[in-house]
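Shown here is one chain on its own, the form predicted on its own, set out as structure tokens.
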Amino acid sequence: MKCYITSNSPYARKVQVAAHETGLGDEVEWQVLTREERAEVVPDMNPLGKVPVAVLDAGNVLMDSPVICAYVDSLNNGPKLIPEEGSERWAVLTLEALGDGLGEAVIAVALEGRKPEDQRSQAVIDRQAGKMAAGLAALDKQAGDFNDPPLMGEIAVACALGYMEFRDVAPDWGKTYPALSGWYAEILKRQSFILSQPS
């Protein structure tokens, strides 16, 4: 499998972490693209122009991190990152969706904040920052029940938090959400997160 990523996408990092957690990281051919390369290469595979995109050996194209992570997990002969059935499966996928949604809000705030001041929409920033705060509050309440080792939900949450810190969107978030911050500090010690740090 060849997987096209950028060096700082939280969703690309999700796929990298999932691959490393399942012991498949070295079996993926990682193609790290610059922003310019992404604009040139990716639309031929994903019409939305987004990474990550995976091309399987047979030529099939997979797009979007939940799909690619589920595919990686399907190749995994060890403990699954996404339980195959029962209520735990839906709990993991729901937490993954919450992590992905937090990432979307962080990206929106970061992009809006980088615009020239006269082109910036404070309404957009406020709305997305509100989603971030609500998501962080919910995750802080759940952090004590997170799976260890992490499953796909925890991986998505940690990757969103990593991007939030990378873009310095909420500098003092750890003081407001101490349970989540403490959990995050521990998960960063895992080799899968060390190997996939954004740059």
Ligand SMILES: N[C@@H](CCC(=O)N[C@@H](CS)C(=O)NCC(=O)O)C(=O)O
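We number the residues from 1 along the sequence you see. Just so it is clear, the structure is predicted and the values come from calculations on it, not from any experiment.
There is also a form predicted in complex with this ligand; it is not shown, and the following applies to it.
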query	finding
This ligand in the model of the complex: contacting segment from 130 to 138, 49 to 57, 153 to 161, 168 to 176, heavy atom within 4.5 Å	49 to 57
Close approach of Q16 to this ligand in the model of the complex, 4.5 Å, heavy atom	no
4.5 Å heavy atom contact, Y11 to this ligand in the model of the complex	yes
I107: touches this ligand in the model of the complex, heavy atom cutoff 4.5 angstroms	yes
Stretch 58 to 75 - residues with a heavy atom within 4.5 Å of this ligand in the model of the complex	D64, S65, P66
